[in-house]
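Only one chain is included here, represented as structure tokens and corresponding to the form predicted on its own.
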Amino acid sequence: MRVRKAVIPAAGLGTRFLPATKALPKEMIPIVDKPAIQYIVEEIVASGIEDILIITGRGKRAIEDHFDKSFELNQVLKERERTAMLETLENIEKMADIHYLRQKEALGTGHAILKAKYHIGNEPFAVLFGDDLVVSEEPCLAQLMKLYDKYSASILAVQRVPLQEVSEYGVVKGKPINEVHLVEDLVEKPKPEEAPSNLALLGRYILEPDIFDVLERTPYSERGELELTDAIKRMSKDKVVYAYEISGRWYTVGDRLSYLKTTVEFALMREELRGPFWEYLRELTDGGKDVEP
């Protein structure tokens, strides 16, 4: 069965970006001039999926407004002959068929995915987390979808990270089989000396609908949350689950330092910004500006 639907969990509180996220959803924090969640939606659409469910929470209305039609703004742009910007906004508005469900309590990523059960039904689906962006020639999700067509099994996107950094990620223990790894275990934020590998989960999954039954049987964690990785780990004991090392550059925006690094690199990818921005960075590093570490 073809993957036709995608879910974006976007109900988190964004506490690592307070006070900015007191009123602004963390998914709406801009990377240059686009909110992070728009990059995720664009990846989904570029992969051939147009049915998207976003799991939101209290204070997340700005996400819905961003992908909705703004008649007043569009009219102003039309009157001012801002044709290029008007076209950009209209493309956002008709990008995909986007649905919204509210997670009334912050009870974990697994709880958010479980909310999608009746929208997804009995078919495979994609999950994309907004803290992770991937720049690649072929969209990250499209890479996973191609493998799903081949293996008809749940597939987790991974990339290798330095061993000293594994304690920041969920890590896969797997057995190499052709171009994928058969998942044998998932370990959440292990110490480097205890890590089964350096294959880190990067926030892209294709999951079989069995995950919903597994989530309903998975106990909540010590911090009172239903974790998606716990459910996938349980599912891998009974069903085949693969991990795939995606090609492309993985960026994280889940904390302030990662966000700043990602913003700088995305700005340097923009042709109209690259030259002047690079000159500015050179001035900083050469001591031309009164900025000290």
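Residue positions are given as counts along the sequence shown, with the first one as 1. A quick note: this is a predicted structure, and the numbers were derived from the prediction, not measured.
Below, we turn to the form predicted in complex with uridine 5'-triphosphate (UTP), even though it does not appear here.
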property	result
V161, heavy atom within 4.5 angstroms of uridine 5'-triphosphate (UTP) in the predicted bound form	no
4.5 angstroms heavy atom contact with uridine 5'-triphosphate (UTP) in the predicted bound form for Q103	yes
Contact label in the predicted bound form: A112 to uridine 5'-triphosphate (UTP), heavy atom within 4.5 Å	yes
Contact label in the predicted bound form: G108 to uridine 5'-triphosphate (UTP), heavy atom within 4.5 Å	yes
Contact segment among 208-216, 146-154, 194-202, 128-136, judged by heavy atoms lying within 4.5 Å of uridine 5'-triphosphate (UTP) in the predicted bound form	128-136
Within 1-32, the residues that have a heavy atom no more than 4.5 Å from uridine 5'-triphosphate (UTP) in the predicted bound form	P9, A10, A11, G12, L13, G14, T15, R16, K26, E27
